[in-house]
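Just one chain follows, in the form predicted alone, and it is written as structure tokens.
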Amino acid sequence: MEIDFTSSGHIVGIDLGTTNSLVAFMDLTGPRIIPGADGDKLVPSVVSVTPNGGTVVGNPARELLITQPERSVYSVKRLMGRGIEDVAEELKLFPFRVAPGSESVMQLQLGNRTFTPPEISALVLRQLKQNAEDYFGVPVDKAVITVPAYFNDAQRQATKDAGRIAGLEVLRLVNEPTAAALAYGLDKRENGVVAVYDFGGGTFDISILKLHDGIFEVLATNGDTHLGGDDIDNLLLRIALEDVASEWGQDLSTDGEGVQRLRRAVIQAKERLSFVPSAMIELEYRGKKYEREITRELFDKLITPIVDRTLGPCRDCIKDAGVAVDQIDEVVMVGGSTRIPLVRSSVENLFRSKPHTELNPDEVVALGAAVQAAILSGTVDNKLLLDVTPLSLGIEIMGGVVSKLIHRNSTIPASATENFTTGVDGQTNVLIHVVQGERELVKDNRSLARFDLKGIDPVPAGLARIEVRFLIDANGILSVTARDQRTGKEHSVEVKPSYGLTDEQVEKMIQESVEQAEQDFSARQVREQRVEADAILLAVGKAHKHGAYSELADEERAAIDKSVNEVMLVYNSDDHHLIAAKIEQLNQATIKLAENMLKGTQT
């Protein structure tokens, strides 16, 4: 028996991943992944814009990424909540481009349309939402979404914006390593210390968790939001591009389709190397062929610097948690990149124990999100999650120095209050500058927000009493309040990242998503009809080689050939009704052929 979603409020768990995304729920047997209409549990985090302006998501978009790279976007998680300057280097490797005039809020140009990274993520979330609704037959409008533990405030806010645009109420953002601990059922331990090593497509996280009487407490977290399997792909891609340039005498890096075909070949070779001692990178493109064998030994040598980059944050995290390596009871491996043997052996050597790899590393985080969703809905009892804030938060004080109110690795929800004063006689306004980071000087940290507290008493310098209160909610979103204790005047602000989205922009995106819904659905229907056309054309092609085809009368064969040509003529049409009509016409024309083939199999 499954959970009654009427009582649980339609809460699902979502892993919004760099490479793939998943949606899961909890039934009486435990957490389960919800498959899509095609039966695939993984939804590639890829979005493409069709020539008519519609959008496709997941596997169909991944196919279009090969032939229409300028209309497609992938790994957008690496761009969430980040400014153009932050991602300048990887934008050079991506086929999509930044739209002109999008300095304040990054916008990507896909065909004739532009999207912000949260809008792209919203399209992926909407597909997951649709998969869940198709599975349950009821609306699903609440979700728990996981984020890398090292995501800062801007990146978390961008993720919440994406959920809102997709029509989901995001009840909780949960750190991915924490979700993994839930998926492995580590709550069944009475006590213990667990390390969660999460090496995915675009991000790396390490967290140290303490388990005590059903309470999960994150002692420390560390990582790199800019390190993942994509870096291994890009390394191999650069090598392959250099080979091609040498062998073919041409620079393939300027050919969008060629680069994407080569990227796919590189990824396939990388994945095979997790299970076999050598693999071939193979590309046939425009009449030319490229082949290169990569041995496990060479592969390990090439990626050692990338794998080593994950070990530094691990050591820092162990130190921050205040534990020794031999006090860590269990190590959990999460993320597709942890299938790589060198990654597993490096982690085992560092932690001196064999890590958990029993669960599918691509599914672990989504399964844990489903457990957290069940906790929030009340269907799972006696569990409590205590997450931490990944970076310190404070305000600027005189001299451009940071006064930290909430330190990194503080358990959230969290609040802190501190009193400040004025530095000038008769001062009536105070500028509150909120920053995030670990450095001592403001200029070395990230600016989150600035606002003025006006109307304070004009007293001599040092006599004013300004109370500043920081509050981080369960999602890691920060609110700041400044109050003059003499006059009672105060100003509050929910910190929005400097290149985040305003409420008006989010509302506009929601409206646009409603307006585009019909067009997007039409594009999906066209894609479905083309898939059906592919299937019947393949079947007819095979039938040509069957004796039953030659047994047909001349006019019957002519009718089939005519229908095949008509299907092919409308195949690239954007009118799904027209494609469906021609498919039906071909179905009718092949009835006799199908009967003959069936008789042939029965005799």
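Throughout, we count residues from 1 along the sequence that is shown. Note that the structure is a prediction, hence the values are computed from the model and not measured.
Same protein, other form: the form predicted together with adenosine-5'-diphosphate (ADP), not shown, and the subject of what follows.
None of 126-134, 273-281, 79-87, 450-458 except one has non-hydrogen atoms within 4.5 angstroms of adenosine-5'-diphosphate (ADP) in the predicted bound form; the exception is 273-281. This chain is drawn without adenosine-5'-diphosphate (ADP); in the predicted bound form, the residue among H356, R339, R263, K160 with a heavy atom within 4.5 Å of it is R339. Note on contacts: among I267, A99, I477, L91, the single residue with a heavy atom within 4.5 Å of adenosine-5'-diphosphate (ADP) in the predicted bound form is I267.
Proximity of D230 to adenosine-5'-diphosphate (ADP) in the predicted bound form falls within the 4.5 Å heavy atom cutoff. The shortest heavy atom separation between D484 and adenosine-5'-diphosphate (ADP) in the predicted bound form exceeds 4.5 Å. In the predicted bound form, E396 stays away from adenosine-5'-diphosphate (ADP), with no heavy atom inside 4.5 Å.
Taking non-hydrogen atoms only, D362 approaches adenosine-5'-diphosphate (ADP) to within 4.5 angstroms in the predicted bound form. In the predicted bound form, G17, T18, T19, N20 are the residues of 17-31 with at least one heavy atom within 4.5 Å of adenosine-5'-diphosphate (ADP), listed from first to last.
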